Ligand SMILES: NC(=O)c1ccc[n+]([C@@H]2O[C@H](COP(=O)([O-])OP(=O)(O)OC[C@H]3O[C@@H](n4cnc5c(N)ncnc54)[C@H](OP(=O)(O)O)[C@@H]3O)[C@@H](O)[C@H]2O)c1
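There is one chain below, alone, in C-alpha cells, taken in the form predicted on its own.
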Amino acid sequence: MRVAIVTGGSRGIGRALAEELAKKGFKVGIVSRHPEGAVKSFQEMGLPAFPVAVDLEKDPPEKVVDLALAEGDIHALIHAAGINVRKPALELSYEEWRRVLYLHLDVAFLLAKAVAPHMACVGWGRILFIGSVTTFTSGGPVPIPAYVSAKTGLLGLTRALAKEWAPLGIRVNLLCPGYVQTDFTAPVWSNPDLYQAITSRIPVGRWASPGEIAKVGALLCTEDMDYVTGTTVVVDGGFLSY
C-alpha cells in the first residue's frame, strides 16, 4: 500500500484531500498538531490513516518525514497547511510576513527536500503543493500581501523541482483553488458584503466545497498522472475567466 502524508490534514481542504487519497488506496498520514481526532474519524469510515503529530511552526519539518517512514516508503506529499494575515502591507509586521512565508513556502521546500530522496529510492513520487487563485489576481477584496507572495513563490518552486526531479520518477504539481468555504476562509465568507463581491465574479455562482478541490488534487497523485509535472491546475469555478 502506498503511503501519503498530508499537512493540514485534520481540516478543510487538507482533510478532504486526505480522505480522497485514502479512498484511492493510499495509507494517509494526517499531519497536524492534534491529528488524533481526524485519524479516528478515518478509521471509523474504514479508511487507512495514521497520526503525524507535528507543529510545523515550531518543529523541524523534516520530523514529518522521519515519523511517517515508520509506516513504510512515502509515495506522496501534499502540503496543504496554511495561515493567513489579512492586513494591508503598510500594517503588516515583518514577523507576520515571515510567519506566513515560512509555513507556506519554506516548509514546502524543506518537506520536499526531505522526502525526495526516499521517493527517488523507489522511483516513484508525487508532490502536490496547494497554492491559490490569488496568485493570479494579486489578492481579493481583503489585502493579503504575505499570503499572495507565499503562494506565488510556490509556483516557482513547483516548476524548479519538477524539472530537477522528473528523472527520479517524482512529479511535482501545484493545485490552485478558487474560493472555498472552510473555517480558514470564514472571516471572508461570513461577511455578507465580501461574500457577495466575490461570488458575483464566479461564473458557477457559488464557492467550492473542500471535496470538489480534493477530487482534482487526489487525481494528480495517482498513477494516471505520470506525464503531468511542473504544471498549475486551477479549480475556481471560472473565477479567472471573469
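Please read all numbers here as calculations on a predicted model, not as lab measurements. The first residue of the shown sequence is 1; numbering continues from there.
Quick note: we don't show the form predicted together with the ligand, though the next part is all about it.
This chain appears without its partner; in the model of the complex, the one residue of L161, M119, I130, L111 with a heavy atom within 4.5 Å of the ligand is I130. Remark: none of the three candidate residues (G29, D73 and R126) comes within 4.5 Å of the ligand in the model of the complex, counting heavy atoms only.
At the 4.5 Å threshold, heavy atoms of I13 reach the ligand in the model of the complex. Within this chain, G217 is remote from the site of the ligand in the model of the complex, having no heavy atom within 4.5 Å.
Contact between P61 and the ligand in the model of the complex is not found at the 4.5 Å heavy atom cutoff. The shortest heavy atom separation between D66 and the ligand in the model of the complex exceeds 4.5 Å.
Contact annotation: the ligand lies within 4.5 Å of heavy atoms from the stretch 97-105 in the model of the complex, the single such stretch among 165-173, 137-145, 97-105, 111-119. If you take 75-93 and check each residue for a heavy atom within 4.5 Å of the ligand in the model of the complex, you get A80, A81, G82, I83, in sequence order.
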